[in-house]
Every structure is written in structure tokens, then in C-alpha cells.
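In C-alpha cells, the next block holds one chain alone, the form predicted on its own.
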Amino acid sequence: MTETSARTETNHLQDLPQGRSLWGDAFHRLRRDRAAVASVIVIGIYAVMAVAASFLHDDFIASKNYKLSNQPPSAQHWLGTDVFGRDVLLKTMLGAKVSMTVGLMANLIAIPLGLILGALAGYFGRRVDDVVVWLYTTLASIPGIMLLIALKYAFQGKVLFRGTPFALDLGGIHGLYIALGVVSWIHTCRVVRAETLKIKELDYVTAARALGEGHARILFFHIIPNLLHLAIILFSLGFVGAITAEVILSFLGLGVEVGTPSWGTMINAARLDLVVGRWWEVTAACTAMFFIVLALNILGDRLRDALDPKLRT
């Protein structure tokens, strides 16, 4: 081959499109998907609202003005006022903070728990698998909302790490995080267990086992990294369940502390207002919940399409 031909071949190879990893290809697909981009923007707006509301909580609590009680939407109060004369728009933003925080914390408990237990059950099988399957089957046999209510009642008056700077009042929102996390890991565990049963029979895991690598190394370096795409998808979908459960529990008076604005407490407080024509508070809470749940569902579906190798073609 002449020098000119070799140079031409090299230039040709350089002009070929570069390959992308699974994550790079997923990001490329999501970036080109308008629905996914719109969902990310909506979720980002809610996150900004939640952060901004953190600095406005004290002002909201101190803004009671009974002279402005139950005012309809106006130029001064875009979404009207509640029974205490407080701005419903600010109340909705504070509710976004509660819902986003609950969704995040509950899934930070549920996803790692389900991922680890599912991987252990699928990889080791036998007695480990029997114990894990028995555990999640038992919990799954109890209706989720009933289990949440039971846990919240069990947490009433309980304080973890009492007398320390890290004390957690389980009767409040910290107990809600734990209760949702304990209930929400079951689906993740089932999916991860089924996928681990397939992955552990693949050639690269067999090769790692033949080279003498230990169980811990195979699990944490070969199997769990190949389950992370499932964890991300389930995290986004689990956010929806956590937000919905928080709203239901707060509506029943078992969610956040009394006086803490949330969408559930807003719906509960305004449930009788529709009869007399005061629609703005319950409408604000339901609309805010609708858009974040819709955005999370769309993003979860698009993540599944982008990250699941079976659906990439």
C-alpha cells in the first residue's frame, strides 16, 4: 500500500461516526425527544419552585390576614387566597417542596434497598432467594395504602436517636420517608431479581467466575453496574408513587405535620369549598400534582425506551 493510499484510508476512518456507549446513546436519544426534553424542563421548574419555597416558608406562616380570607384569583393573588388569607400560589409552591422532597427521600431508601436485595436473591438463589421472595411476597400481599397507614400509626410518638443532634421524629415527615421507602422497594426488587437471574448466566460473568473472582466483586463490578439503567427508570417512576402516596396520606391527616403546606392538606382543607364556589385552592393543588406526575411518567417511559437495550432498535 502506497503512502498516499494509507493516508487516504486513515482519513476515511477518521471521518466515520464514532461509536457511543449505552449512556451516551441514551442521552443522545433523550436530547432529540421533544417530550422528554419538555418533561425535564417541567421537573426542573418544580425543583426551582421547591428550592425557592424553602426561603419563603416563614413569610408564608406569618402572612395570615383574615381580611383577605377566601379571595378569588386577582392581579395581587394570581391563585386567590385560602381561609387564612394566605396566597394560594405560594402555598402551592410550598406543597411542591414537600412532594419533591418526599419523592426524593423515599426513593433514596427504596431503590438501593430493592436493588441490593434483588441482586442478592437473583445471584445466590436457594435460601437467600427464598428469604427475599418470602419477604416481598408477604409485604405485597398487604394493600400498599393500608401498610402505609399502619406504619404511620406505628411511628406515632417514636423518635430515632433521641437526645442527639440527629434525632428524627418518626411521627412527622421523617417517618413518612421511611414508611414510603419500606413499601416502595418491592417492585424494584422483583425486577432486579429477574434481570439478575439472566445476567449471572452470561459469558462475562462466567469468565469472571472462572478467573477466580469472588462473589462480592462479581456482584458489585459486573452485575449491579448492568442493572443501573433499571434503577434510574424505576427511580423516576417511583417518584410518581411517592408523590401520590404523600398526597393521600396528607389528605387523611397522616402525612406531614399539622400546619405544613402540602397538596394533600390543601385538598383536604378545601374539599368543601367547591360547594360554595371556592374552586381555586383545590384546583391549584390538583393541577400542580397533575403536571408533575405527567412529566415524571413521560420521562420514565422515555428513559425506558432509551436505556433498555431490548428497545433501542
Partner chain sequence: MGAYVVRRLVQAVFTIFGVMVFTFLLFRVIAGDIAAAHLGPKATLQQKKDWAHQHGYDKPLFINTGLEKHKHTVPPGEPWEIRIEAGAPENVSIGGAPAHTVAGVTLVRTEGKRIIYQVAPGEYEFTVRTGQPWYDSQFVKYIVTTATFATRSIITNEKLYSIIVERAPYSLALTVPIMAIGWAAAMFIATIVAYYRGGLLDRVGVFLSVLGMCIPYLAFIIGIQYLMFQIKPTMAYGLANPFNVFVPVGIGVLAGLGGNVRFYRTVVLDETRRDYVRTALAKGLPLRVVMFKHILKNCMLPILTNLILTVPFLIMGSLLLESFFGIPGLGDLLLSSINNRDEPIVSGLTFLTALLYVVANLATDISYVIFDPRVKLS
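Keep in mind that this is a model prediction, so the values were computed, not measured. Numbering follows the first chain given and starts at 1.
Below: the form predicted together with the partner chain, not depicted.
Of the stretches 59-67, 23-31, 282-290, 41-49, only 282-290 has residues with a heavy atom within 4.5 Å of the partner chain in the predicted bound form. Taking the partner from the other structure, the partner chain in the predicted bound form has no heavy atom within 4.5 Å of any heavy atom of Ala35. Looking at Trp134, you'd find a heavy atom of it within 4.5 angstroms of the partner chain in the predicted bound form. Among residues of the shown chain, Leu79 is not one whose heavy atoms approach the partner chain to within 4.5 Å in the predicted bound form.
Using a 4.5 angstroms threshold between heavy atoms, Gln156 counts as touching the partner chain in the predicted bound form.
For the three residues Leu139, Ile145 and Leu274, a heavy atom within 4.5 Å of the partner chain turns up in the predicted bound form in every case.
Residue Leu151 is the only one of Leu219, Leu151, Ile173, Met105 with a heavy atom lying within 4.5 Å of the partner chain in the predicted bound form. Residues of 230-250 placing a heavy atom within 4.5 Å of the partner chain in the predicted bound form, in sequence order: Val247, Ile248.
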